[in-house]
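Taken one at a time, structure 1 and structure 2 that follow are two forms of one protein chain, written as structure tokens.
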Structure 1
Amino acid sequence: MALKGLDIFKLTPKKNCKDCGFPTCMAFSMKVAAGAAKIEKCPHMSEDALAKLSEATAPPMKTLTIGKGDSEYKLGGETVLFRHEKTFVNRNRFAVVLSDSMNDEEINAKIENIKKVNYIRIGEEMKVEIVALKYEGNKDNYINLINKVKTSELKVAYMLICEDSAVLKEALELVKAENPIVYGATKENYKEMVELVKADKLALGVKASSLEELYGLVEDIHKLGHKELILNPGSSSVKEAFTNTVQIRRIALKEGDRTFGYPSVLFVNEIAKDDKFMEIALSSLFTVKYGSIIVINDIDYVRALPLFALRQNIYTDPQRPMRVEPKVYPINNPDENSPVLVTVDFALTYFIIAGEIERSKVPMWLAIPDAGGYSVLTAWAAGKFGGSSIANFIKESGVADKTKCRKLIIPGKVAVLKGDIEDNLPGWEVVIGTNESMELPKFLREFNEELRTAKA
């Protein structure tokens, strides 16, 4: 929360000594409040006042760092309730749960699945980032499980789910260096739990039987001096989980109460009760609304394709739409006989089309004019992807010097542009491509085959 000038003034020594470069403490305070001066400019602030200030100016929601190295992630740090107000900053992370009561076969299968689902979408890596290791009563099996995951070559952050502090202590020895999340503190065990994590400042998951109890528990943990927390809004019902997740975020951001200014962890696996599609529905719900860690039973492409895509959408910065640079991109090593394909500079469209051309293995020049960063139909409807602008780009980009082929493939959705482009681009033949990128590889292979036979 922003501090008012008067609040800051109350913390200054009120000496009006001008050492800060301002005539009075009050004038200085006003500048600091407006963000035009730094509080460090006053050499006379007391330690206590500085601490109060940093407390008061800290963001409403804490940013936690979990994991190590390639698997280090930030959680929380959000400042708005709706993405259009500014942007959401730290995307939610997905965790797959493994437990000591699962047999080897099941554990191996899940580990394999986590390894298998790992791909690039619009230039970003899509994968499960956290493995949640749940203690269900058999300590030896639990320790074995942790060792197994450690040696599995999975690149993940760890979350230890264990309320037994004695077992947890041993388990922590194995993965402490990985900066794991520890879960969970309850009103019964929180003192021992805090003892275990405090020195290393590990993120500690907190759970309680109601929102009010959770609030009290966080306050108790604060008193012990630990402020790296992740809150479980509850998992006894969908309604409870949703209500509490929204409340926690709102109490932090709207009411400015830092007791709830922490990321959340949602055990969607428990709420969905082994119903895969309910798990997908709930994971979507909490991706849109305020989940920070979403725990699921397993991962496969059925779950990943919608969930990672949705997350990527929700966490793009609305002020910086994803665009690519307008220019001619060579794909599959095109040469002087390769045809030209045109699309827009919307990053999503570019990555989809480039990916499909690669899949077709046909060498192509991919021409991307400035289309305002819009999708094909949006750009066309906005007047930014028309016959003359495409024709001009082809002329100015010099692609005509790179290839002797005079065929230009356009998206099927803007088939109407054919005549217009040909009028503006003498000597070229416009070929209408497919509507969806899906069918592009087949289309391109057949097209290429025709080109070759025509030549021969």
Structure 2
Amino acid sequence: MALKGLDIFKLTPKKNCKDCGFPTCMAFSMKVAAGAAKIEKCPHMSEDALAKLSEATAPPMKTLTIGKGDSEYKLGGETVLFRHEKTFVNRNRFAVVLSDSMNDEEINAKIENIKKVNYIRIGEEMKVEIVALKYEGNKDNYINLINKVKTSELKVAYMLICEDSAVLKEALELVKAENPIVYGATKENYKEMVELVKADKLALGVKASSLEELYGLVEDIHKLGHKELILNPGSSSVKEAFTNTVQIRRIALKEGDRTFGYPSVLFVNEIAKDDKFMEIALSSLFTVKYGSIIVINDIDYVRALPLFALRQNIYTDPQRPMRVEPKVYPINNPDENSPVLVTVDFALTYFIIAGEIERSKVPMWLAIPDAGGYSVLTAWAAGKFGGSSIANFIKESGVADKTKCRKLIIPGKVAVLKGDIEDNLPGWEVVIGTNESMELPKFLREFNEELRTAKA
């Protein structure tokens, strides 16, 4: 149960030194109790007090770190059931499963698919983050499979799916330095599994035949001193997986029961029974409710585009708009004769406008100033997208060095800015564009033809 401010205050040094950034120890304690400050901000806490308070004030769901280097990810740490209450913290991760029963052709194809599906969306790299390596009875093949993935140049975290502790011990030596997930603890083997992962504090995946059995198994693992766990809510049916996943999250967050305060792993590939589109549907479901790791059979753009976009939308702060980087974007291979079009940095606006420019096939420099992440009219009304700010961006962006064309196209809905921009941007002609994005391709083609005719 979380401590109250007075309980925390009793463990502070009561120096009122302000080193934590707050005027008094009591003020600091109240902020810690409310979750607005971390106990580690006090540099004078005793180690004993820190140990007690860190556990008591930690989120009801534990945060786990998996992987290493560029493939390091955090799971869990959630504090709310619904995104609108606050925000979700650590996004779910997708894992593609490979097994020792697959032939080289199947394995190579999946590895190539993982490499192929890698793209940037709104400044974030979209890719599969985890490879789940499943042991199905052939130890030599399993060891070879792990080595094959290691030498494939995939930048991924590893998840070893194996219930045989003897095989797992040998397999673990190959990837232990990569901080892998070890999945396969059951009521029959949990002692041996804990023994393998405890020293290195590796994440241990736990499964059971029912929610009650899973709860008891987690308690038994706690008694052995290991609290780096990932829970499998079940995969025998959609109903079981969904009901148990939600129940685990509610017990942890609403009832404050840390026994279930861990990330979850959903084997969507097993529930979907080789139905690719059912797999996409279920992966979407558990992206929202509440799969920390979602295991799928394979990856391609049919799966990736909806799943990665949904995840990015769900795991962004609803109070902060999605933005693209303010800069000049070349579209359709523009050159020194290409005009400039300006719009805002709101991600949806950028992707719509960029798509319409691509569709027009007209070479264009797309200028994106800092407009606060708002839409065109909202940014204009808020003073973020005005004549002086647009003119200053054009001057500072260096686009004038990229093109000799001094035509600047602005959105039709802010035509009122034309005079102000021209006053602040001598030598440039401001052209009023369309009100609607769907009219842009026709407008740009006609405008481009006029430019060519004028030169002739």
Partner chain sequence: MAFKMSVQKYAGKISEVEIGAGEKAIKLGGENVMPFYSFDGDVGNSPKIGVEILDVYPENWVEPLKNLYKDVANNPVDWAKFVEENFSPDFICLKFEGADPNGLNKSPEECGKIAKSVAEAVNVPLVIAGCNNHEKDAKLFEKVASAVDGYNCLFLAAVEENYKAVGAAAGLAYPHKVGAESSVDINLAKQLNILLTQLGVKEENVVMNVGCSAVGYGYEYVASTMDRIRLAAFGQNDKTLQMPIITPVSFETWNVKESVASVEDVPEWGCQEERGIAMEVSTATSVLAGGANAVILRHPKSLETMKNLISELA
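We call the rigid core the largest set of C-alpha positions that still match within 1.5 Å between the two forms. One-based numbering along structure 1's sequence throughout. Computed from a predicted model, the values in this text were never measured in an experiment.
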item	value
Selected structure - criterion: the form predicted on its own	2
Rigid-core frame, C-alpha of E325, shift of 2 angstroms or more between structures 1 and 2	yes
Rigid core superposition, V399 Cα moves 2 angstroms or more between structures 1 and 2	yes
Core-superposed C-alpha of D257 shifting 2 Å or more between structures 1 and 2	no
Inter-form CA displacement between structures 1 and 2 at I368 - rigid core frame, Å	5.0
